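Two forms of the same protein chain are encoded below as structure tokens; each is given separately, as structure 1 and structure 2.
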Structure 1
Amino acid sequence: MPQALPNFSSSVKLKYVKLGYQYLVDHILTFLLIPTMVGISVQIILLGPEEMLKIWRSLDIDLVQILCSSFLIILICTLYFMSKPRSVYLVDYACYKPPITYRVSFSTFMEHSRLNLKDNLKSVDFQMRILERSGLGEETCLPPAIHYIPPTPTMEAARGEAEEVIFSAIDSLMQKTGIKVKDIDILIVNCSLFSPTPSLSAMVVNKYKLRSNIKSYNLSGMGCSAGLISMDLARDLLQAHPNSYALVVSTEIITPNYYKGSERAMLLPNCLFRMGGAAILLSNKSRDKHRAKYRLVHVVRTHKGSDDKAYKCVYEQEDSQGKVGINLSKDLMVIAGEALKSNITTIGPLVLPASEQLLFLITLIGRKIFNPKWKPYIPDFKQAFEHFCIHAGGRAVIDELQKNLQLSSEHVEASRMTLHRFGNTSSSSLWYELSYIEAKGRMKKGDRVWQIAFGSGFKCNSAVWKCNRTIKTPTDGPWQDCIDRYPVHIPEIVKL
């Protein structure tokens, strides 16, 4: 008993020391400025009112000079405010909710798998083991073409899926925000694996009869991190075009990419990828400053393509029988960890409070100069962000990131629950996670959100948003009918 007590008290003392240090360093400017201001004001007050009037009269300024100076000052202020980079606001976003008829429960999936791969029982077993450990739930959805035995991925079915996902999301967004289609100036659509001609962006222009001078872009092949790449492009475009709305649509069309062969490493995406899509409205209009939900603070992109292993870890290729599928290599986690480290190195200085940066700098200098055996200091990102949206790539990705960033289970709850309810919806998963946090009523004004996504290539992109207004628990959205059941405990292995 006596041994336990000193440890406890010393750890509490340490905690308070750390808190005090953080407070001091974070607010150092205030600490320096306040005494100076107090000193000056005391001096001025000591002078007395008559002295001040005497100084003022001796300046000998008349009306004209006052007017000119004030005019100049106003002009400078206007120029300064006009030349500041425009803020990009997220007015609102909408996620696609698949109908319940597209649901694929474990039993359905395994039965279809057994019938489709009847000659390859080992592959069926492999799929079952993946599904048990995947972290997916029983309500994830696949498009209708995949429900056939064998699946019928025609181009028409793919277009049908694209139309359903994208148009539902955009309709829902229009209803939420109340904007008219003719107001949209920029359109960006990103879908990795399906790129028909004319593009999906042309399909959106056709359906909603958008203006003929719309700036439309169709990005593809950029993997699960394409949503944040579209955000980066939208931000650059909104800087160059004042007073505009940008509509960004992120989705992944599953129909044409269902792997029909039996090579094991390529069956993995079949088990994980599910239907989903999101439509996001961005604006740089000053009138949206009050009704926007979030403000975009930073977007940081890291591309590890120059490294051979990183480039080959997510690769589309044909198997020995000529069937096309995506091959996921075994060292995906290691590469993801390294890409994350690169990304953190860039984003750290931008978002971490001064206290963390100072600690990191001290340990870095210490390691270089004094003793290389010092443990590298991992900055505490929980100081910089209130919420984390980690791309729901798979259970292993979320576990790895939780360990690397030292996050609690509440921080990664949004990612785990999205993986459970919707599966890996690729680039739109970040928006389902954000929607979860809002549905739980946890989003308050001033909260900072960090969205991290990984993608083939190998890319790690992250975006930092700041919440603009406290968000009331939404009555619509993809989580509306099931949020009360969450969070759910997801066991390590679900016995099938």
Structure 2
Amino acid sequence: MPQALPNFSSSVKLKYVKLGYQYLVDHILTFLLIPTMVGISVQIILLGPEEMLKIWRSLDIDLVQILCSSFLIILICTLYFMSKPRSVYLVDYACYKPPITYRVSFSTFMEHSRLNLKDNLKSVDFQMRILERSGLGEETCLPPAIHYIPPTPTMEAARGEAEEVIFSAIDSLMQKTGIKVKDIDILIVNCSLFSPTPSLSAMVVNKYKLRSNIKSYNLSGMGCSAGLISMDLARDLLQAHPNSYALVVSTEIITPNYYKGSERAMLLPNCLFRMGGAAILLSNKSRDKHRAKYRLVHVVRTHKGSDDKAYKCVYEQEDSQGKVGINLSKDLMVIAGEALKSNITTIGPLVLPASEQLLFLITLIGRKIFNPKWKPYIPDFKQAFEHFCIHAGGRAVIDELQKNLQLSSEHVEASRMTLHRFGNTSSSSLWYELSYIEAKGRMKKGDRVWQIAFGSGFKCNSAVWKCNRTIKTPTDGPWQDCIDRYPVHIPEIVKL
């Protein structure tokens, strides 16, 4: 039999060819500039000092020309620096950590489900199958009102949860940064499903007695990606208001949104969503450059709401018995994939190195002109980022993004472990993931972080951060008492 050909796609030689190509394309300007500079230097040396002096005298430059040229250069530089966007720094952030008394083990969750849905055992079995495959662990938490049988989702209980989560996160942030609440100029609070009157932002103003001229905003109904929408809003406000601090609070209040019916598509959120919240301090002050943890580089937002299926794939509605809940469509993952494609098409040119952009362009032209059946080239985003914070919306979301972006297990480790330890905490999950990376001591100066989140509407939003300084392993935070146990093996199915 003829000898089988080696698998060149996995050969070491091909790997080094690709690395060589990436290095050549990414440094093409350097390779062109160095010979040019060497050639010019050689010519200057060959001319000699006398010839150089003759050339200088032949230019016949007077003082007025020199002054005018200098003024023009100064003017151009001034206009450039005045029009340049202000840098936005993430000074620090803090995540809420629920007490152990709020924990809901699998056995507790299923016992409550059997008691609450005793007339519909099929729905109980459905929840058990979802929980077995969810990727959640035994230490996720639900608010006290949901621990009752039946649950008691009153307005008072919902406000109590909001106050506990938000105030705890802000108190921790103020302690870490040493910033006084009177120094805060901008306040943004995002919570998708709980929108009381007065608003949650007004609740924060009242609690901390913030200034009367504070610019406060309350975002609701924008889903799990609302945290990055808040970042985008804060960035725009910090461009308009120099020398300011912006406090952003991201959370989701579970108490009033626990579904008490039996519709399967509306029972999914009960299995996945858990308590959580984060407070983030942003600044555009130049003196915060060196103490800040990160600098905001890009925010890219994609909205697919013009499509009816995308608009209704995460939809709050009443079931046949009049009970309100969130309906998650079967098309959710397909729609999320389309939104992700649109988002990375926009963010790709902003972050990818020239080598990846060139390969993508060549493949695109080839598909358009020569053969539409050519396999599309998926850019290697690992060339652009060291860390990935993928919204911990569920195991399927993380699996899909890992597959589409061709990421390793280590790249999605923070997302999987956050889902396991804290569950889906909605818009705040990205900050638990970032905290995980820091707690592992992996965040170094110059590292780039890509945060990706999905939300109802349907939206896919991205934020890119660059680490300002090597971050020491924190001694506090949500992972303080358990980071040594992670990462853990998460089986495909946990038999209950």
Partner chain sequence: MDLFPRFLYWFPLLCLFYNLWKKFDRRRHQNCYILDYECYKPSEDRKLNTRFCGEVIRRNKQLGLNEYKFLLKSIVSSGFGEDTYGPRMVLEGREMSPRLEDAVNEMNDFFLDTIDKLFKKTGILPSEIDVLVVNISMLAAVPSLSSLIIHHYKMREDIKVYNLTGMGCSASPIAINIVQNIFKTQRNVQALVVTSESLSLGWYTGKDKSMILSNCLFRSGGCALLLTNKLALKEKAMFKLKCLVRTHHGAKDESYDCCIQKEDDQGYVGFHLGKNLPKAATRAFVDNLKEISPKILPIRELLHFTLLTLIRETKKKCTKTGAGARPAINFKTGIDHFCLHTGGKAVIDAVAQNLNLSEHDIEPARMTLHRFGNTSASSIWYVLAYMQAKNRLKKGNKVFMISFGAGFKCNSCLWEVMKDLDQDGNVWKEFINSYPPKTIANPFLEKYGWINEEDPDTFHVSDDYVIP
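Residues are numbered by position in structure 1's sequence, first residue being 1. Just so we're clear, the structure is a prediction, and the values are computed from it rather than from any experiment. Here the rigid core means the biggest group of C-alpha atoms that line up within 1.5 Å when the two forms are laid on top of each other.
Here, the chain labelled structure 1 is taken from the form predicted together with the partner chain. Core-aligned CA deviation for Gly446 between structure 1 and structure 2: less than 2 Å. Relative to the superposed rigid core, the position of the CA of Tyr148 differs between structure 1 and structure 2 by less than 2 Å. Relative to the superposed core, Thr470 undergoes a Cα shift smaller than 2 Å between structure 1 and structure 2. Taking the core as the fixed frame between structure 1 and structure 2, we note the C-alpha of Ile40 moving 3.4 angstrom.
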